Structures are given as C-alpha cells and as structure tokens.
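As a starting point, one isolated chain is supplied in structure tokens, in the form predicted on its own.
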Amino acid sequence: MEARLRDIREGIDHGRFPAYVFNDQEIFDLEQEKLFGQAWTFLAHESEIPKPGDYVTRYIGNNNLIVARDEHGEIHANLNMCRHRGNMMCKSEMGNASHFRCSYHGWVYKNSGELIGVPYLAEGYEGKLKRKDWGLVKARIDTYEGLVFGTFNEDASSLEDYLGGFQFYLDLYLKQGPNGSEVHGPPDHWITETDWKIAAENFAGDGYHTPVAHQFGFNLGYFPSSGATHSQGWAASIPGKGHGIGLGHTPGFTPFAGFPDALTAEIKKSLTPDQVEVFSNTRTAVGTVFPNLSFLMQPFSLIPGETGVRFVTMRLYHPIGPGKCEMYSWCLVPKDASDEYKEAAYQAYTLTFAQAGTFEQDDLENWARLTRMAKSSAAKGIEFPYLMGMETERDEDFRGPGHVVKPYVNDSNFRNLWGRWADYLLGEA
C-alpha cells in the first residue's frame, strides 16, 4: 500500500490523480485510521447547543460522539459509548439532557461525561471500581468563531495552527456582524452514494462545473453571473494544509450585493480592511476546510435578473464506506440580521443547496455517477488530469494569505487538497 500511496503522491505533483481511490476499501480504512484519527474534524456550531444541557451527536471518522453543553456553559465531546459494556449511550441526534443513562445496565453519566451512577456499586464491586476512572472517553476540542472541532489525537497541533491562516477566508461566513453567525434550524441530513472526497474537492473551489452543471441558473437569470465572465476571480489555498476557496468575481457587481445595507455596514466593521477589499470583489465564495467541512456563499434571486439575497450553506461529508457518505447541510445566517432577512436567506438556501435544492440535485447526480463509474474494472488504472494552473504564479496584488492565483477556474486548490490527503495517509502530515 505504501508504494501505491507514493505513486499517488508523486502523481499529484505532476497533475494526476487516480480514479480508484473513491471506491477502495483499503483506502477507506486508512482514511479512518490515519486521516480522521489524526486531523481536526468539525463537530458542531455552538449555536446548535446554546443552552445548558443541549446536545447533538456527531462523528470523528467512525466514532460517534455526544457534543454537549454542561450546566456551566462548557462544551464537551465524549465518545457515545458506555464504559461498562460499550452500549450506545444516547440514541437521539439532538436534544437536552443533564445526564445520560445506559439502557443496558444503567450506568449514569453527567453531560460532561463524568460517571456518577453505578447500580449495585457497593454490593457488586466491593469498593474496587472508582467512578472517576470510568467516565466517557473524551475528545480534545477547540473552537473558531462558533465552529467546534474535535480530535482524538492528543499530539495534534493546535486548531489555530491546523487552520493555518484560512481563518482569513472563514471570516466571510462566520463574522457576519458583531455577534457572528448562527445556524438557522437543524441540519438537512441524508445519505448519498457519493465518496466524501468528491464533494470536498468540489467545494474547494470548483467553479469550472457551474456554467455546465448549473446552466439553468444562468439561462433563467437566477444566478448573477454569465458563462462569459464566470471564470473570473481567484483560487486561494493554504499550502501544505489542504484548505482551499474559490472566490468568483463578476465585473461591475455591487460589493456585498444581496445583503441589506445596514447589515453590510456591520459586516464591514467586523472584518479587517484587507478582508473588506477581498470580499468586496467576491460574488461567490466556495471553500473547504480540510478534510470534510465546506461553505458556500452567494446571492440568489427568485426574480430573474435581480441580485436577490445572499445565503450561506455549511456542509459536512461524513464517510460511511467506500463511495458512500452521510451529508449534513446547514443554513448559516447573521445572528443580528432581521427575521425577514433570515427567512429570505433560508428560502434561497432551501431552493438551491438544501437536500432537495436544485443546485444540490445537479451536483449529487453528477457526484453519484462519478463515484459509480470510477468503480468499474476498466477505470482501475485510469488517472484524472489536474493540470490547470500548474505554472501560474501567485497574484501579488491580492491581499489575502496563501497561494492565490487567477482565474477562479483553476486546479491549484485541488492539488493542494489531494497532497494533504496523501500526506496524512502516508503518516507524513
């Protein structure tokens, strides 16, 4: 396997990537151990669990966790498994509870993970079981602007180091005013016959597919761009970290169009001057935090030809097998925006990138067919070209961090993502 991975790593540097990795059981198993077992993984947005006792259940790789806010407001992430015989502690995906009681033998834990109740403790264990030694297994967590990440790797570098400057771009989605962003309702949640890596790559800045896969949006006037100018903009990536974002630009487009004027003023106050300049020129921002968390912001109009409203979708691709993943998709809104704006943004999100959204259906059909075709025997030795922008120099006038190139339609972000993926599987991240 190491020789295969070395070939893949070398191929990435030369703009090639093999088709078989999207359906390979051995690759999937390695991802569980060496990627999701080591990297920081997104768990939840803090606004999903605003009150003491609120919890959601999420995953790090194939590990199910309870992400809960305790009675003091502190957030904990614990393996959703009783320490007694391994039963699942919490069977609901979200709720509010001060304690969790195992349905098998009745061990009881605080929502912080501390073991506080053991039936027949004195009679059965004769004083040999110390409750403090048998709490739920804790994951290490850290946060950035409301995003809660977790890892079981005690030796992982800090989340700040892991993000490596990508915070500059994340702020567009997360600093939408003085109190930031919040989720608008629970996530849409479904299973798709799509490999998680295909979705992560697409949202790392694939503007190339938009005029084809989503052509109806241009033709009907719902999308504030045209095929003629759609390639304009920037592809930004953080070298060696895997994170990438595409920033689409439409000439003459009003800065921050799609936000109400008062909200735009508040957003500008929350950003640095460099961020304001970069984001003023941005129509569409579509990015991936390596490995499997993505965002998209764009204006969308229900009335052809008009600017419409800006919305943000945040999505997570949880791998559940080779060529198969569980999708979570949220709508993020500015916390301080009016209810009217939030509802309009949620409507735009629902019509486009929610589970049954038109753009989402376009993508899912292509991704599922890609996954299926890459599984065929003839595809086993086939590689895909990632040759766009191999020699492109950084745009030195761009005021954001990372490797930033023009045009927006570019493969540089994807080579960076695949390089990081291969480094993790080789144990060299």
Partner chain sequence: MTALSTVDRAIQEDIKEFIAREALAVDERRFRDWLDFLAEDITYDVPLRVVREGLAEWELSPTGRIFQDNKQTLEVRVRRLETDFAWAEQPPSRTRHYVTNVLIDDSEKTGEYEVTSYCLIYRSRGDSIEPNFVSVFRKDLVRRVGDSYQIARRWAAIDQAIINAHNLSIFI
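A quick note: this is a predicted structure, and the numbers were derived from the prediction, not measured. Residue numbers count along the first chain shown, from 1.
There is another form of this protein, the form predicted in complex with its partner chain, and it is not shown here; the text below is about that form.
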**Asked** Which residue, Gln232, Ser270, Asn281, Thr358, has a heavy atom that falls within 4.5 Å of its partner chain in the predicted bound form?
**Response** Thr358
**Asked** Which residue, Met388, Leu364, Met373, Leu30, has a heavy atom that falls within 4.5 Å of its partner chain in the predicted bound form?
**Response** Leu364
**Heavy atom distance at most 4.5 Å to its partner chain in the predicted bound form, all of Thr192, Ile303 and Glu326** = yes
**Request:** Spell out, yes or no, whether the shortest heavy atom distance between Trp40 and its partner chain in the predicted bound form is within 4.5 Å.
**Result:** no
**Prompt:** So, in the predicted bound form, is Arg140 in contact with its partner chain at a 4.5 angstroms heavy atom limit?
**Reply:** no
**Prompt:** Wondering, does Gly185 line up within 4.5 Å of its partner chain in the predicted bound form on heavy atoms?
**Reply:** yes
**Prompt:** Any chance Ala228 has a heavy atom within 4.5 Å of its partner chain in the predicted bound form?
**Reply:** no
**Asked** So which stretch, 200-208, 254-262, 119-127, 215-223, is the one near its partner chain in the predicted bound form (non-hydrogen atoms, 4.5 Å)?
**Response** 215-223
**Prompt:** Though the partner is not shown here, which residues of 87-118 have a heavy atom within 4.5 Å of its partner chain in the predicted bound form?
**Reply:** Lys91, Ser92, Glu93, Met94, Gly95
